[in-house]
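Heads up, the chain shows up twice below as C-alpha cells, two forms, tagged structure 1 and structure 2.
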Structure 1
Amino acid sequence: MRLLPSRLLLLGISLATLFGAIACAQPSAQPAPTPTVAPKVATSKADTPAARTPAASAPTARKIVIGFTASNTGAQNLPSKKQTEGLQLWLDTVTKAGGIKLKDGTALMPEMKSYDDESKTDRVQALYTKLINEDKVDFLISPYSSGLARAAAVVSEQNGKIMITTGAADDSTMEQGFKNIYQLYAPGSRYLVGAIDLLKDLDPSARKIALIYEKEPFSTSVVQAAQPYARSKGYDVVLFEGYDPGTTDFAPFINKINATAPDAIMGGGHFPDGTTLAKQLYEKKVSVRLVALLVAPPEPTFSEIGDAAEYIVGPSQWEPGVTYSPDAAKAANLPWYGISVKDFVSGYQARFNSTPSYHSAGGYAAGLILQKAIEDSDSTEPAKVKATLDRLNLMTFYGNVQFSIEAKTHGKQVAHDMVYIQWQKDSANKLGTKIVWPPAAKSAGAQLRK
C-alpha cells in the first residue's frame, strides 16, 4: 500500500516523542538515593546548609524554593495568571532588596518552582507531591480556586509542609483539621455578610432578599452562610435557589425571582454567569434596590456589559483603592508590614502593564506573609515558621491578616475583611468602580438602583 511510508514515519515520530518523554521523566524513575523512610518534616534545607554553595558576597546567600502550581490552561487560567504575577512581583521585590535577611546575616534568596495543573485536581495532587519530594521546595503556595487549593492542601498536609493558600476562600477546606495550611482569603462565609450590612445601612425599608447561587462548591457555601446571617438581621429570604453551572440563559430564572418580588438579589457564581445575569437583570428591567454578585463585579472586564454593570455591588478581597496604611494599622493597634498600596499598584502596573486584581494582591500577600514569618522566626524551620504564623496578626497593603489557632478551624483566616465595590457612573457618565463598604474603607457612598 502506498500509505506505508507515511505510517512508518508517523509511528517514528510518535515513538521518538515517547522516548523523549520517557527520557525527560527519567529523574523520576531514578530518584536520588533517599532512605526508604520518607524524609521527616524536620529534614528541611535549614539543617543542611553545607549542601548549598555559599554566594561570593560576604553575607551568605542561600536559596529557598517556593513551589506552587498555576493553571496555565483550563477554566482557572485568568485569575491564576494574575495570582502568579502578584507572587512574581513579590519575588522581584525581595530579590532587589537582597533577599530575606536573617539575623546571622544570611540572605535567603527565594526562587519559584511551578507547574501547570490544567485546573485539575488529580494533576494538582501529583504535582504537589513532585514539588515536595523531588523539587524539595521549602514552602508551598496554593493554586488558584478553592477546589484546587483543597486538593493541594491534602498533599501538603500529608507531607507536613507549610502552605499558604490564596485564591481559595472555601470554609470547609479549613475545617478539615489541617495543621500546616494557612488561609489568606477571607472565607466564603463572609462574602455576603458585608453586602447584607450595606443593604441594612442603605435602605432600612428593605425586607426581602433573594439568594441565588451557582450549583458548585464555592458559591453554594457562600450563600449557605449568608442565609442564616440575613435571617438574623431580620430579612426574609424569599428565594434560595441554585442554578446549574452551565446555565447561559437566565430569563426564566429571572421570572422566578420576579415572582417573589425581592428588594435585593445576592449571590451568583463566577464570571460568565455573573455577567450574563447582571446583563439580563438590566435588560428585563428587574426592579430591585440592590444586586450583589460574587466574583464577577470586581473584574475590570465586567464593564463590557455596558450600562447593565451600573449599581452592581460585588465583594472583593482587595481593591487598588483600599486605604490600608501604616496609619490605619496604628489606629487599629496592629503592626504594619511591607509594601504600601500605592507602591504595589504602581509596581504591578510597571511590571505587567495591567491593573492588579485581588488575585494579584493575594499572590503578593502570600509571599509577603511567608517572608514576615521567616523573618520573625529567624529560620526556615517549619516548626518555627508555623509557630510564628500561628501568632501572626498584622496589617499589610492587603489588609489585616490573622489565622485561627483553634484545632477545628486551624489556619482559617479570621481577620481579613472583604471590601465591597459598586459600579457607578461619574460626573462624565463614565462607569467605574468605587469602594462602598465597609465605612472605614469606602471611597464613595453606595447607590440604590432606581
Structure 2
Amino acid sequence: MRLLPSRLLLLGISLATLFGAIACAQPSAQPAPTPTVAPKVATSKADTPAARTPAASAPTARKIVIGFTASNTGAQNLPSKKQTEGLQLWLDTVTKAGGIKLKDGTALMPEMKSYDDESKTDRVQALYTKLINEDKVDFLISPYSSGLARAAAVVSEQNGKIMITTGAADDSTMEQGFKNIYQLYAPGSRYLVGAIDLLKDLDPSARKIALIYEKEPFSTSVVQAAQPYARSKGYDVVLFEGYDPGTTDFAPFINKINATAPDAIMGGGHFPDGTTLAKQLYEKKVSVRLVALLVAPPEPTFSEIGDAAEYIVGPSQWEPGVTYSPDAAKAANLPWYGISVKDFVSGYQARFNSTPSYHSAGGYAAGLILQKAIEDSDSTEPAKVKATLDRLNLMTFYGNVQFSIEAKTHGKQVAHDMVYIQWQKDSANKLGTKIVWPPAAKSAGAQLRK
C-alpha cells in the first residue's frame, strides 16, 4: 500500500515522539574519564583554585629490575651471601620508603632478579647474557670476586648496560676503557699498602716481607702493587710466590717461609684459603711478627679458627666501627647521602641476626649509589644515569665514593679508603676485631705476634 504525504508526516511525528520517550526513560550517558593533567594557570575569577576542585592525581609506580648473580654455591659462597644480604637490606629500605622518587611523582619500585653462578666464570657469562636479553633488566650489580666480576663486566659492556661492581677490586678490570662499569671497592693496588705502613709504624726494625698469593686476578694484582711499594719503603721481599686456587695444604709454602725467615707475611686470596693458611701458620708455629691476609680476616666467621685468628691483620673496605657521618662529610667538603653507620648496622643485625661484614656494606652501598644516580639524573635512561655517576663525589655510611673519568680507567674507584683490622683478645680472653690503621680511624693499637 502506498502512503500519502500527509500520512508519512503523521508517522514521522509519532516515531519521533516514541523515541524521545524511550530516551527519557534511560539513564543519561556518562562522559569517558580523561587523564589527569596539570591545572592551567587561572585566567578569570571562575577559573581560580577556589572555583575548581579537581581530583588529586595518585603517584605513578613503575617497576625497575636490577639483575645480578650470586655464588649460592662454590668457593665464593660466604662473602657472596653477605653481599647479597646487604643488597637485600637496601631493597627492603627503598621499598619501605615507597620507592625511588622522581621529580614528577613517579615512584620507581626496584625488584631483583638473580641466579646462582656457582662461583664459575662460564656461568656468569651465560647468566648475565640471560639477564640482559631475556629478563630485560634495567641495571646490573656484579657478582662477588674480581674474576667473576670481570666476566660480567665484559658482557655488560658489550650490551651497553650500566653495572656497579662490588666485591671486585682488581685494577686491571677497570683499566680496559669500559664506559658503563663503575667500581665501588678501593682497587687491589691499595689493599696491602696500609699493612706495609702499619708494619713500619709498629716495628721499625722489621726488614723482610714474604708475599704469597692465590693465583687469580685480584690477589695477583694486590701483591704486584705491594712488592714495589714495600721496596720503596726499604723492605726486602724475600719470597714472592703464588699458589693454585683451592689449595688446602700450605706445608710447601710454610717451609719456604721458614727458610727465608721474614718479619712479616702478607698476601693470601679469598676466604677458604685465607682461613686455612692462617690456621696452618698457627699450627706449625711459624715465627713472624705480623701476618696480613686478604679478604678472610674481616669476615666475622674468621673467628671460628679460634686462637689461630689472634693477631691476624686484614684490609677491609668497611667496618662497623668506622666514623663516616654527616659531620665527617661536612669536614671533607662533601655531600652526605643515605643511611647512617649505626642504622645500617642495627638494620642488618635485625634482618639477618649477624654482624655485617664489608661484603655486606658493599652490597648495600651498590644499591645506594645506583639509587642516588637515578635520583640525581631524575631518570632511568642509561645515558643520563651514566653522566650522573661520572659526576658523583660524595660520602655515605660506606665512605667516600668517586669514579675516574679518564678514558683508560673510566669507572675505577678513586676516593674510597681501606681500613685495617686485627683480631685481638679482650680482658675476658674473647676474640674480637679492632681497627688498627690508619691512625685517624683506629680504635686500638696494633699488636705484634708473640
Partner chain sequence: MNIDALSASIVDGLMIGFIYGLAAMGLTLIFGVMRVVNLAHGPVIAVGMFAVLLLAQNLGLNPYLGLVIVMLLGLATGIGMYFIAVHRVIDAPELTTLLATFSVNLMIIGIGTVLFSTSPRALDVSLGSVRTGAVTILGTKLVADLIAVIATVGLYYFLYRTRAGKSVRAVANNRAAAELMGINSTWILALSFGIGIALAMGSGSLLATLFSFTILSGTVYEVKSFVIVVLGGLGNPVGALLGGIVIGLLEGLATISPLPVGWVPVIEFGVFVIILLVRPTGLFGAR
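Definition used throughout: the rigid core is the maximal C-alpha set that superposes within 1.5 Å between two forms. Here the structure is a predicted model, which is why all the values come from computation and not from measurement. Reference numbering: structure 1, starting with residue 1.
One chain, two forms displayed separately, with the form predicted alone being the second of them, structure 2. In the motion between the two structures, where one rigid part swings relative to another, the hinge among 417, 287, 245, 237 is 417. A rigid-body turn of 11° separates the smaller part from the larger between the two structures. At residue 250, the distance the Cα travels between the two structures is 4.1 Å after the core is superposed. Here the two forms are laid over each other by their core, and the C-alpha of residue 424 is off by 2.3 Å between the two structures.
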